[in-house]
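One chain follows as structure tokens, the form predicted alone.
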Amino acid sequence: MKYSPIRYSQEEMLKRSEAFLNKMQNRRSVRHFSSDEVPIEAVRNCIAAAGTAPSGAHKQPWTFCIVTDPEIRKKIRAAAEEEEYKNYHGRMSEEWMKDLEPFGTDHIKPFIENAPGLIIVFRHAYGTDESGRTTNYYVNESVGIAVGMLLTALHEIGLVALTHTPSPMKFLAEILNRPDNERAYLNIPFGFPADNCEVPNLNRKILPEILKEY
């Protein structure tokens, strides 16, 4: 199949890259959500965009579950807070706890219910077909790329999101009745930011700190 993507002038490439960088510099993880309704069809399009991510041997080892039902999210919050309590009261090291201090987080996770919806991402530990179990390759890498594209797509349409990992996350597959080959990878609350939304005053590493050219 012939592939002919758009080729821009060098001037246009620089202009577009600067515009994209400026847009992404404003992306932040948010824990305070508005109850305003979100157009779910737009979120579906963001997930479809995430599904264009490259994957090992093109196995596409992911499932994205949109959860808006209040009762299901109530169950997820209860189970997540149970695991998070154990994390904050013994599982996490002292160093980890100290590193979390600037964020003011604890085991209470109201955003699971306050956000208008969640996207639960599952990775496929293995595939299945009519012959039985099949092998997937570079699963974590593949799903990680897809999640990055999903977060970018949500930001592109003006939504905010949070990457929440209440490890261990086996309860998510149980609550959502997912098949045995699926493992919870990430919980992503999404929506509009609350009117009084605040985020930590953090600085990202500058380019010379993350780039080495050879």
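The first residue of the shown sequence is 1; numbering continues from there. Note that the structure is predicted; figures quoted are calculated from it, not measured.
The same protein has a further form, the form predicted together with a small molecule, not shown here; the description that follows concerns it.
Please tell me which of T128, N140, T105, N114 lies within 4.5 Å of the small molecule in the model of the complex, judged by heavy atoms.
Selected residue: T105.
Between T63, S29, N45, T165, only one gets a heavy atom within 4.5 angstroms of the small molecule in the model of the complex; which residue is that?
None of the others qualify; the residue that does is T165.
Test of understanding: in the model of the complex, would M92 fall inside 4.5 Å of the small molecule by heavy atoms?
It does: once the small molecule is placed as it appears in the model of the complex, M92 has a heavy atom within 4.5 Å of it.
Taking 4.5 angstroms as the cut-off for heavy atoms, does A78 touch the small molecule in the model of the complex?
Result no; A78 lies far from the small molecule in the model of the complex.
For I72, is any heavy atom within 4.5 Å of the small molecule in the model of the complex, or not?
Outside the cut-off, so no.
Quick one: does K109 come within 4.5 Å of the small molecule in the model of the complex, counting heavy atoms only?
Yes, K109 lies within 4.5 Å of the small molecule in the model of the complex.
Using a 4.5 Å heavy atom cut-off, which of 35-43, 51-59, 185-193, 157-165 contacts the small molecule in the model of the complex?
Comparing against the small molecule in the model of the complex, the contact stretch is 157-165.
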